[in-house]
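Have a look below at one chain only, the form predicted alone, in C-alpha cells format.
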C-alpha cells in the first residue's frame, strides 16, 4: 500500500492540531484510497512468501458491521511450525549481519511507515474505530519506536563494551549482548501498529528473528505494517506473519519449542497464564505487558479546569480502550462536587460518532463484548451508586450498525467496589471522594495493577509525596493533555509495575532493546 500524500508532516500525540488543514486533507485522501480496497483478501507471510492458510476469516468494521474490511488467511499450527522453522533458518545470518546494516534496514522501514501515514491511519480508523487524530498519532509512533530503538542500539555501540583486566595488560575482556534466537510477538487490537512495530523492531535490531501474530480484528494493520518491513529489505524468514485465533495460533507460538522468547501485550488473565507456562527446559524471556486500573488524584490545591480536561481526555480517548486509560479518580471532598460538575459538562460536550469524520472525539468500542462489559459496569453503578452522565448505548443512524456507547462518569460507590478494581477497557470512569492526599494514595495503590497514575495539585509538597509513594511505572503531574495517558518514544518510558508488566523495563525507553539480548563475557589472553 502506498500513499501520494506528499511531503511528510511530523506527527505526535502532543503536536496534533485539529486546525491543521493539510493534515485533514491528507487523511481524507487516504480514506478514499483505502475505501476501494475494502473486502480484499490478505495472506500470511512465511519465509518471504505470502501464502494461504486453512481458509479465511472475515473482519468487519466496528463503525458499521455492514462494512467488510477483508478476508484474512486462517493460520494453523502447521503454519506456525513453518514460520518458526523459517525464522530459525534465517536467524544466524541475520544475527551475523553487522548491527549497523540491521539499523539501516529498520530505519528504512520507519521511513516507509511515515511515508504511508495517511493510508495506514485510514486502515486503522476503519479497523478499530480510532479517530483520525488517534490513528495518525499511532502510525507515526510505530515509526518513531523503530527510530528510537535503533538509536539506543547505536548509543550503546551494539551493546559491546570493554571491561577491566585486574592490571594484567595481556588480558582483554569485553561484555557483549547477544540475541536469543526467535521471538514470538503477540500484539493487541488497541494499538495494532505501535504495539507490534515496537517489539518487532526491538527483536530485529537485537539480531533475533520474529514470528508475529496480531489480534484477529486488526489483521489488516498487521499486513500493511509487515509489508513496510518487507519493502525496506528485511530478508526472507526474518519476519513472519501468521494470522488467526489466539486459541490456535497464539497457543501454538506459546507451546513451540523453537520459540526462544515471547512478547505479549494484552489482558492480565491471558498474560499471566502465558507467563506461568512459558518455561520448559530453561527460563525463556517473556515480556508480558498487561493492563491497568489507572488512578488520577485531585487535591483541593488543584486547578480544577485543568484536572477535568485531563481526566476526560484520558478516560474517553479511544473510548477508554487504552491500558493507560484513566478509569478511577480520587478527589478531596472539599472540591468533589465542583470537579464532578466540570467532568459532566466536558463529557456531555464530547462528539461521539463516526471516527472517520473530523469533528468526532470518540468512535465505537471494538465489539459487542466490549459493549456488554461497559453495560454491566453501568448496571452495577446504577444499582450501587449513581451515574452522573452517560450510561446509554447510542443507536441513531450509522450507530445502529456499530458499537457506540456514551462516555460515562459514575460515583457514590464504596471504595472497595469492583468498578474501582476491574479493568473495563471502556469509556467509563468512577469518582470517589477522599479526606486527604494520603487516603487517595493508599486507595490508588490498593490495586493489582501499577501502570500509570496522575495527580493535579499546585502544592509542590503534595506532588513530591505522590511521586515518592505511587506504585506505578508512569507518573504524570498536572497534565492537561491527559491525566494518565500519552507517551512517546524517547520522551516517556512506558511500562508497568505489579500486575501491569513482567520485566520492570519499559517500552519507549532506553532499556527496552536490551531485553531481547543476553549477556556474554569474552576474556582473551595474548
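Residue numbers count along the first chain shown, from 1. Source: prediction; values computed, not measured.
Not on display, but discussed next: the form predicted together with a small molecule.
In plain terms, the part of the chain that comes close to the small molecule in the predicted bound form, with a heavy atom within 4.5 Å, is 263-271 out of 84-92, 339-347, 263-271, 200-208. Contact with the small molecule in the predicted bound form, defined as a heavy atom within 4.5 Å, holds for exactly one of 247, 416, 357, 400, namely 247. Here is the short version: of 72, 318, 189, 420, the single residue with a heavy atom within 4.5 Å of the small molecule in the predicted bound form is 189. No residue of the trio 296, 407 and 454 has any heavy atom within 4.5 Å of the small molecule in the predicted bound form. Heavy atoms of residue 122 never reach within 4.5 Å of the small molecule in the predicted bound form, leaving it off the interface.
Of the heavy atoms in residue 494, some are within 4.5 Å of the small molecule in the predicted bound form. Taking the partner from the other structure, the small molecule in the predicted bound form has no heavy atom within 4.5 Å of any heavy atom of residue 330.
Proximity of residue 500 to the small molecule in the predicted bound form falls within the 4.5 Å heavy atom cutoff.
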